[in-house]
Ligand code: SME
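Take a look at this one chain, the form predicted alone, written out in structure tokens.
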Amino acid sequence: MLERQVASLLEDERDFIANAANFSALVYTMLPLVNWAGFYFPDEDGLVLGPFGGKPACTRLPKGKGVCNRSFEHAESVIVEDVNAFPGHIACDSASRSELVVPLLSGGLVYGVFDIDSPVPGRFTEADRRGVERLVAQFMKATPVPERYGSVRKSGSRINERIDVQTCRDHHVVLRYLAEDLGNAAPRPKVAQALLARVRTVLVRHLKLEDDCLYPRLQNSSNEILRGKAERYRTEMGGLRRQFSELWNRWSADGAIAADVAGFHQEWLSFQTALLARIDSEDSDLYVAVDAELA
């Protein structure tokens, strides 16, 4: 549900501060047993406070101290079951007892962290970590980061490649939801037309990421089997791309769906079946092979 809400919240807005503020407010409001959620960004002396939801927080976190700096400096998420037992913990709110921090990663760089606090010890699980990482990846993909927030630390190229694969998986999650919603929305032409435009936005981004990053990486692999998979999936995607392009050209114009609801519904269900089969195949085969390659 949160992934769907984040996708909708960020879809039509490109301003970084606006999106960061709304993203923080959404997570703070929707996650149970949370007393703070917000961003910290790098500067010369450590990390500085960004948009957040909750009580006023520490404005600056000195380099090398606290959970947020640990996450930022190592470019990895950190779960702390008991903040009082974490060496160098910076207490902004004495009510906070556990913490989850996720780095903001893009293009092999670390742009800051997203921090969530809870008044309950041991509040955050590995499932929470994975879920919040997906939400943060959605935020970073949808929102251009201004230069002033540029990272002072490069992460490894393999971290960047793993981010690309995870982003592809995130696209799959959103496409599944949109495909289902669009299949149910055919009797409501205006809703269906808006959903069709959202499908196109996500699908275009997904295909560009595969073409620009994923497939070139796989085709340079020393693993012959993986190279073969990449070529097969690239060829198959060409057919799916053409199928959607024809569907879009036929039904995207104002009033086109309303003029033939049954025709649109039939054609969409045909494409939806092909799209979901492709997503299932990539998730269970291609991305599993890529993960093994990057391990």
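For every residue, the number given is its place in the sequence shown, counted from 1. In this text, all values refer to a predicted model and were calculated from it rather than measured experimentally.
Below, we refer to the form predicted together with this ligand, which is not included among the displayed structures.
Next on the checklist: To verify the annotation, which of these, 226, 57, 258, 237, has a non-hydrogen atom within 4.5 Å of this ligand in the predicted complex?
Outcome noted: Among 226, 57, 258, 237, a heavy atom within 4.5 Å of this ligand in the predicted complex occurs only for 57.
Checklist entry - Which residue, 102, 140, 199, 92, has a heavy atom that falls within 4.5 Å of this ligand in the predicted complex? => result In short, 92.
Item to check | Segment assignment from 61-69, 259-267, 242-250, 26-34: heavy atom within 4.5 Å of this ligand in the predicted complex | outcome: Of the options given, it is 61-69.
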